[in-house]
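What follows is one chain in structure tokens, specifically the form predicted alone.
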Amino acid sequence: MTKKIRNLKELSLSNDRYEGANLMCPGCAHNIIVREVLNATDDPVVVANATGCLEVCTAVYPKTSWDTSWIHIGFENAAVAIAAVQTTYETLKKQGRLPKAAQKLADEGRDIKFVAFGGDGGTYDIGFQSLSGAFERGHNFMYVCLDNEVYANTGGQRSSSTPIGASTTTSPAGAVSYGEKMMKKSIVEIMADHGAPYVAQVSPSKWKDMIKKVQKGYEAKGPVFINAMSACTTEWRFASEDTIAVSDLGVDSCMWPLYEIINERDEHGIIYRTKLNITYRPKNKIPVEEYLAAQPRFKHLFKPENRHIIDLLQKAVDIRWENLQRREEAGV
């Protein structure tokens, strides 16, 4: 059974496993997402953290923002690191060799939860090989991608998550370029195609939706992937107080649709049903350009010579939204 969603007061009174004191940029959505992911369960949690903004800003020796077991690992292998820890735990549990405190929790039905956090650079690109392998092997853990659509920690370079038209340090807009040339990679569908039991896309601006999906992820058996929109004040270039407003524009324009994909297996591990559910439908779907206009990384697209990229993005978003609705209606 899915646990009851905590209200805002209950969340605010939770014992934080992620402390607010860190060096993240003011308004960074990473802080919101990580805190809610860890507070969505009362069970103990072990975290693996890929190199990136989150790791760099929360573990400046000798201080730490983490009040839980935490491992820093490279850009490329957060998934395999947490998978190894999870496998070790299961092996010790079967052998009856768990430490007393861990065994007591297991006896109470409170198994440790295993979570990895990585940015889009360490997920879509550098870490994809180990992520794919860990999902193919079926390890029981949750991977959360903090997707700010750029290598924000290392100079603002484009990643395969960067939307077409965005200006980055390696795809700069200028007299001969409108910025990023490629469409954003469809990471949610890619991870669902690994046969994962649960895959979802979330936004911190819809916190109830996010916590509900995270709780489903904790309860699933097998690898879980959560793609979280993490609006970046530094590289998206909006005011630090506008994080949630910009996130809402992404959701309401369907640039960042909220949905989940569930793969159900039989006793032999064969997938017999795949179900896509749209978990939020904008009452008034806004034009993509309203979302783009809130972020100076797209300001050059409003020049007459680049307006066709906005039209292209709108077309791509509309097609994807129609396809998601079609899949939901068809039950696949």
Partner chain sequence: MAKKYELNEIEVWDGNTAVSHALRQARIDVVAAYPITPSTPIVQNYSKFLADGYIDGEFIMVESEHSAMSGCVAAGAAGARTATATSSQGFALMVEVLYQASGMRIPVVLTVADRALAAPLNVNGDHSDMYLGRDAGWINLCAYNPQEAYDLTLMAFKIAEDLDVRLPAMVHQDGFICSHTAQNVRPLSDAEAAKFVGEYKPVNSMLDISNPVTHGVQTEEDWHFEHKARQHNDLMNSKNVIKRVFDEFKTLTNREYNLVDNYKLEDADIAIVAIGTTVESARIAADKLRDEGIKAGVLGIRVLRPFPFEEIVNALSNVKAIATMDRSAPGGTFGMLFNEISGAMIGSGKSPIILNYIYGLGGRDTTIEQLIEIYRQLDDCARSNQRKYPLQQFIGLRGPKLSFF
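Numbering follows the first chain given and starts at 1. Keep in mind the model is a prediction, meaning the values are calculated, not measured.
Separately, the form predicted in complex with the partner chain exists; it is not shown, and the next lines address it.
Just one of L276, L301, V288, V47 comes within 4.5 Å of the partner chain in the predicted complex, counting any heavy atom, and that one is V47. Just one of L98, A173, I164, I262 comes within 4.5 Å of the partner chain in the predicted complex, counting any heavy atom, and that one is L98. Comment: 55-63 is the region of 302-310, 55-63, 289-297, 265-273 lying near the partner chain in the predicted complex, near meaning a non-hydrogen atom within 4.5 Å. The partner chain in the predicted complex is approached by A84, whose closest heavy atom lies within 4.5 angstroms of it.
Taking non-hydrogen atoms only, F114 approaches the partner chain to within 4.5 angstroms in the predicted complex. Taking non-hydrogen atoms only, N77 approaches the partner chain to within 4.5 angstroms in the predicted complex. At a distance threshold of 4.5 angstroms between non-hydrogen atoms, V246 is out of contact with the partner chain in the predicted complex.
Annotation for 315-332: no interface residues with the partner chain in the predicted complex [heavy atom within 4.5 Å].
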